[in-house]
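Taking the form predicted on its own, here's one chain by itself in structure tokens.
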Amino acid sequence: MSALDLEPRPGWVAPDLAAELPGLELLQVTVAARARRSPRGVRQRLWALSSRFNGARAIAMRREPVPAAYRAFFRQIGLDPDETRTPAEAAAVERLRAGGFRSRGLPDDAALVATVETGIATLVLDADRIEGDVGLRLANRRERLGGDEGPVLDHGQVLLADAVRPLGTLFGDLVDGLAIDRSTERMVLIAVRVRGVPRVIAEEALWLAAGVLTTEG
């Protein structure tokens, strides 16, 4: 099965959050894959992407439709996009700092390619450490991230969650135990779409990530 044969499925969005932030959507696909060193073709792809991102592009990209939509969304949820950079801008700035998009292996490179090429916030989690589909909801009063010893979340903060627990803050920290490691056999690829971003671009991000993740070599 090719990456394009995968059908992205919507994650759930809590009704109160959907009413507060219309247009917010989470899409996901699950693929069989393992953590590994990126094949040569993926590393070459990152090098080619690096040549497209200079300082001028990094500054100008915030005015492009998809990054601009994320900047507007960040402000809606109380994040200053000039302090907490959107995923695409953060990747571009890191490229300038490091002198190129450095390979960190799979699945990290798969998420990076998808985010850089589409502007869509893309992440990868171990599918077998999640209960049910991933969704979005607001933090409850005095809720903690990661159990009784975890930090107290701001009431109303937007969370990634599964059927039984919060997985992390949206565009922020994830709970311990979700990281991909050598025991991982299945991965869930997640794309976060915000208002003003066409759904097909979020789907493209998932197809790109899945294609990179399953590259042979």
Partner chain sequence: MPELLDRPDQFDEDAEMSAAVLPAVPPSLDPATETDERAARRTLLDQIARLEGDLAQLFCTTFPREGFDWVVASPRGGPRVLPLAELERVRDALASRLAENRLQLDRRALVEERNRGRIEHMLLAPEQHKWALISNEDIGEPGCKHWHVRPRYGVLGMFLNWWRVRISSGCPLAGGRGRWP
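Positions refer to the first chain, counted from 1. Note that the coordinates shown come from a computational prediction; the quantities given were computed from them, not determined experimentally.
Keep in mind the form predicted in complex with its partner chain is missing from the figure; the text below concerns it.
Residue contact with its partner chain in the predicted complex: Leu138 places a heavy atom within 4.5 Å of it. Taking the partner from elsewhere, Gly78 is found to have a heavy atom lying within 4.5 Å of its partner chain in the predicted complex. Among residues of the shown chain, Ser51 is one whose heavy atoms approach its partner chain to within 4.5 Å in the predicted complex.
In the predicted complex, at least one heavy atom of Gly156 sits within 4.5 Å of a heavy atom of its partner chain.
Every residue in the set Ala19, Ile59 and Arg95 has a non-hydrogen atom no more than 4.5 Å from its partner chain in the predicted complex. Judged by heavy atoms within 4.5 Å of its partner chain in the predicted complex, the contact stretch among the candidates 144-152, 28-36, 180-188, 60-68 is 60-68. Counting a residue when any of its non-hydrogen atoms is within 4.5 Å of its partner chain in the predicted complex, the hits in 41-57 run Arg43, Gln44, Trp47, Ser50, Ser51.
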